[in-house]
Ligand code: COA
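Only one chain comes next, encoded as structure tokens, the form predicted alone.
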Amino acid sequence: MLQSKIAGIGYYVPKNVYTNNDLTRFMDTSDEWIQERTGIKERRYADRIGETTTTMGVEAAKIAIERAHITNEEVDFIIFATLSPDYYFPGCAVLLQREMGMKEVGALDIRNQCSGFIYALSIADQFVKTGMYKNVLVVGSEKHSFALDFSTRGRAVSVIFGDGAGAVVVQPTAEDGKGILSTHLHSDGADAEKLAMYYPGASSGIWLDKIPDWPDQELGGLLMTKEMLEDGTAFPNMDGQAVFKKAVVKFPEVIHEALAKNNLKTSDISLLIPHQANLRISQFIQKTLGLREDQVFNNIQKYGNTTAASIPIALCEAWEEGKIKEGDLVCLAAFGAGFTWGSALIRW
């Protein structure tokens, strides 16, 4: 069986920088409050009009394709991971295919939120290893800013997230022991409502008993009511403590799983790039695994949590800064809504 490798990588973040102090114009918060809880200092927000999840993905994809030394016409499959698509349907993958003028290739959308890029990379890895495709474009892109509650009520969620996109091109490689060594995917839906955006949806209230503190009101099925906007149920909901407790267990587990699969140890890791969920989570994982500070790459301080885009943005930035060199062992890991989590081990 063939091995697959990341042949090209790129990222794009919007020009609009919003610092923690900027957010104090909309909500009762402070730079100190946000940094203490998340480690975030600033984030990027896309233009309200004209800049979308897809267009940001296109910009990242252009760079990845150029660095892979291929053309748009040579891409033979697209995988697009996002929780913030341009439309409820169709997904962003076909919109990217159209915007980039690609041929009629397969296009797949992944809705695994924070772990979306790991899931997408794993799928690309399988397609390439089996010989089905030679140039798989994997994109993670998010425009969170259009759907956040920028009020004091929503600050616990809204201060965390930012916009941006990252992309890679996955190709086959004949180099023994190089490329994507293994990927590992997991899920547990028992606490799905702990981190969720309930609307729009078609549940018609079937899961109502699982949603915490739901107000006593008539449900609108797919409809978004004025009451939902007023009471906050129209916006993303997160039980931060529950997410943190689960993440700090599952992150190390899935990293150890990847290392064990390849008969490696934590000390063999050249660079760990965790999903940029919260700097406190990353620091906890670093301590748990006994890694040095220079073995873990974090950029959440600059971009916030860009969900499916966070790993490819961080991976590209680390590579551009010379922190990833040929032969390095790079571990990617993510945990997020669902709950879903996963890891990928790569010999660069």
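The structure displayed is predicted, hence computed values, not measured ones. Residue numbers here begin at 1 and follow the sequence given.
Another form exists, predicted together with coenzyme A; not displayed. Remarks below refer to it.
*Asks:* Are any of the heavy atoms in Asn278 no more than 4.5 Å from a heavy atom of coenzyme A in the predicted bound form?
*Replies:* The answer is yes: Asn278 has a heavy atom within 4.5 Å of coenzyme A.
*Asks:* Using 4.5 Å between non-hydrogen atoms, is Thr29 touching coenzyme A in the predicted bound form?
*Replies:* It does: once coenzyme A is placed as it appears in the predicted bound form, Thr29 has a heavy atom within 4.5 Å of it.
*Asks:* Answer for Phe161 alone: is it within 4.5 Å of coenzyme A in the predicted bound form, judged on heavy atom distances?
*Replies:* It does: once coenzyme A is placed as it appears in the predicted bound form, Phe161 has a heavy atom within 4.5 Å of it.
*Asks:* Heavy atoms within 4.5 Å of coenzyme A in the predicted bound form: does Gly336 have any?
*Replies:* Taking the distances in the predicted bound form, the answer for Gly336 is yes, it comes within 4.5 Å of coenzyme A.
*Asks:* Would you kindly say which of Thr130, Gln241, Thr71, Ser267 lies with a heavy atom within 4.5 Å of coenzyme A in the predicted bound form?
*Replies:* Here the answer is residue option Gln241.
*Asks:* Though coenzyme A is not shown, can you say which of Lys323, Arg67, Arg37, Lys41 has a heavy atom within 4.5 Å of it in the predicted bound form?
*Replies:* Contact with coenzyme A in the predicted bound form is made by Arg37 alone.
*Asks:* Each of Trp33, Ala156 and Asn305 within 4.5 Å of coenzyme A in the predicted bound form, by any heavy atom, yes or no?
*Replies:* Each of the three qualifies.
*Asks:* Among 180 to 188, 90 to 98, 162 to 170, 148 to 156, which stretch sits within 4.5 Å of coenzyme A in the predicted bound form, heavy atoms only?
*Replies:* Stretch with heavy atoms near the partner: 148 to 156.
*Asks:* With coenzyme A taken in the predicted bound form, which residues across 96 to 126 come within 4.5 angstroms through any non-hydrogen atom?
*Replies:* Heavy-atom contacts within 4.5 Å come from Cys114 alone.
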